[in-house]
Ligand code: NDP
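A single chain, nothing else alongside it, follows as structure tokens in the form predicted alone.
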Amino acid sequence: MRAYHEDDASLEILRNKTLGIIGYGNQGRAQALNLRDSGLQVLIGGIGDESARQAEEDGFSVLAVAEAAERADVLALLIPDEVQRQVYEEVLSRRLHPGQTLVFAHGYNIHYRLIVPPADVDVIMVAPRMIGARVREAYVQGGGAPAFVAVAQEASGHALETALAWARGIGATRAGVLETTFAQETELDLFQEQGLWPLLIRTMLLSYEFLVEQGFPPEMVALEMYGSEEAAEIFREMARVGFFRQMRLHSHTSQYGTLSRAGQLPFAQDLRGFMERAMAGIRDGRFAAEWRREQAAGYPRFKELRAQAEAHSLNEAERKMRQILKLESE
């Protein structure tokens, strides 16, 4: 897999161009600030909402989405996946011009052909592997958040060069950038959300419920499982020193208990089957179709699932735990 760093990317291809960012939320604000601090010309396209006011407070010119699309040489759609298609069809599609570059931070809408740009524009992806706040924080501290880059459509002959320049502008090449495809980034990201995190969340909830049934105080269980931030530190050390090497930071008792019991899980094949079904639904488009139906219906199941999560007893345990730690008042 091809990797790129600072010496592999130059800002010069963007130096005399106008960069437009549609959306000033999680990724939009972080990337806009980083690009500007890298010496590039950035404008924001948005509506008169709180995020637009934040952009103005940060010193950016905020234009209507249509005007931003017309003025930008390189235009990034950094709004939620589920609204990108509507904005593209209603506003952007008839305002794109030959030689322009469209930038995405996630391959979803291009991969599933929910957005089909004209053949005379470049279509690239620069996808930071961090939330926006961390993209900004790492840049300010002199580092960067790693990212994936990809080219879905080449019209100019230098689409990858533009993608790497954008990646450098937001600080990603300081950490490292991997070249991939829109399909791989989309499928991998969706699998994390549908094949891995559901297992982790369900396992933790089952552990919480079991331990409370065994007589342990709920707030104590929440603190032990994740509230102390030990779990977050374990994940951080996995990234820093290695998945298994981080275990050496724990006691021999801890290491032996984890390693000896991991191989005793009786349902490994069931887990693999769950993962295979999740990946199949991602690759054949069933999930994308299901999600579009959910959006069109006004999110009934999504709202039900969120309500169920918010009603779980773990939420009250967390509240008590935060009070004990003096992170929240009575």
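Fair warning: this is a prediction, and the values are worked out from it, not measured in the lab. Residue indices: 1-based, along the sequence shown.
Another form exists, predicted together with this ligand; not displayed. Remarks below refer to it.
- At the 4.5 Å threshold, heavy atoms of residue 23 reach this ligand in the model of the complex.
- Although the partner is absent here, residue 187 lies well away from this ligand in the model of the complex, with no heavy atom inside 4.5 Å.
- Put simply, residue 143 is far from this ligand in the model of the complex: not one heavy atom of it is within 4.5 Å.
- Residue 98 falls outside the set of residues with a heavy atom inside 4.5 Å of this ligand in the model of the complex.
- Put simply, of 247, 155, 115, 87 only one has a heavy atom within 4.5 Å of this ligand in the model of the complex, and it is 87.
- Though this ligand is absent from this view, in the model of the complex it lies within 4.5 Å of a heavy atom of just one residue from 92, 74, 167, 105, which is 105.
- Stretch 105-113 is the answer when you ask which of 253-261, 202-210, 219-227, 105-113 has residues with heavy atoms within 4.5 Å of this ligand in the model of the complex.
- For a residue to qualify, one of its non-hydrogen atoms must sit within 4.5 Å of this ligand in the model of the complex; all three of 27, 49 and 132 qualify.
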